[in-house]
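Next up: just one chain, as structure tokens, the form predicted on its own.
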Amino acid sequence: MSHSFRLAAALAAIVLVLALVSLTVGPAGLSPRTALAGLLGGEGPAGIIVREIRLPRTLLAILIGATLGLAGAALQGLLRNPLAEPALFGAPQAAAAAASLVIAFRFAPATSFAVPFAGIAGALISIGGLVAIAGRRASLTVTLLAGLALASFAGAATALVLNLAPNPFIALEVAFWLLGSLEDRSVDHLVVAAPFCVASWVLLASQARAFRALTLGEDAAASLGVDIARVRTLVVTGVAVGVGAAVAVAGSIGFVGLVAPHLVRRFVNADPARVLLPAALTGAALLAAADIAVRAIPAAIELKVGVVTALIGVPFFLAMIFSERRMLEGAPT
């Protein structure tokens, strides 16, 4: 049994345990036995709570977390940049701007397929713009500045949508949704997001070998037969499809795509091909754990899961920046 298989199996077991815990946590606390009985078809309030309320929410957390973790790992492999992550480059913000436009102006119901399509279009424009602006040999500084510009523009577009929304109550609802939450999500949301997320997984996983070749540089990868333009197109499309769908049903949830790959990279010798599956499973575990935390923390109004992931992710991101700075300062001039 290979080391990678053992790592993936351990992470899958953690995700399964967190999923079972998630079914027990909420305003109406349930014992593991009661929750399992409700899941397997038990009648009464427990069955309704587990199957109709908590199960869709739990599955969405796993689905979206895996999508964000995989998207982050894929972007890091494409850009050969350890700080690459959809949220840092404006993809969720752009997806949120497009999706909030559809919702705020009632172009389509919030649970229709028009919302994820709008989110995907916004994310596609953002990630495609990043790759175009950063160029083939962009430095870390240029990449981050390009991402900051795109994220700021998307944030301004979202604010404009909220200001122009014809219904102030809808605008307030969209504003809370943008914070990132899995509260009150149903099977309808799961059905809307799942096809796009799975399509994203397929597109990104198909480029695993290309990511490994890109560690040698684009010229060397091209000499090995890698079609760089095709890889970029597929990765940009895959990230946009996954992030757009995730934002469409859960709002902006940041830093999962940054943290997840780094937690497992050391266990796969920093191989960008072998990090994809562990990063996806780690992302699923992180978001499931964060969703459990927001329900377990006593508060008058349930905390937003996007707030929790930001509280975890920002210190992690700052630690990475300081680590990069120490490496640069220690490098010979």
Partner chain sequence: MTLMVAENVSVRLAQRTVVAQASLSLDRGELVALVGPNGAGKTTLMRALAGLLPAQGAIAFDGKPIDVIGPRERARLVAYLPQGHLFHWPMPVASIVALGREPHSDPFARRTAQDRAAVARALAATGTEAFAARPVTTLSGGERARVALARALATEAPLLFADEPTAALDPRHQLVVMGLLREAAHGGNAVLAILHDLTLAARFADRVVVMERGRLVADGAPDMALAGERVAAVFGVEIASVEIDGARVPLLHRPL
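All figures in this text were calculated on a predicted structure; none of them were measured in a lab. Numbering follows the first chain given and starts at 1.
One more form of this protein should be noted, the form predicted in complex with its partner chain, which is absent from this view; the next part is about it.
Exactly one of the stretches 89-97, 252-260, 155-163, 223-231 approaches its partner chain in the predicted bound form with heavy atoms within 4.5 Å, and it is 223-231. A heavy atom within 4.5 Å of its partner chain in the predicted bound form is found for exactly one of 195, 128, 109, 217: 217.
Scanning 54, 295, 304, 265 against its partner chain in the predicted bound form with a 4.5 Å heavy atom cut-off leaves one residue, 265. Not one of 22, 182 and 185 comes within 4.5 Å of its partner chain in the predicted bound form, counting any heavy atom. Contact check for residue 237: no non-hydrogen atom falls within 4.5 Å of its partner chain in the predicted bound form.
The shortest heavy atom separation between residue 81 and its partner chain in the predicted bound form is within 4.5 Å. Interface membership of residue 48, defined by any non-hydrogen atom within 4.5 Å of its partner chain in the predicted bound form, is ruled out.
Proximity of residue 272 to its partner chain in the predicted bound form: non-hydrogen atoms within 4.5 Å are present.
Along 197-213, these residues reach a heavy atom to within 4.5 Å of its partner chain in the predicted bound form: 209, 212, 213.
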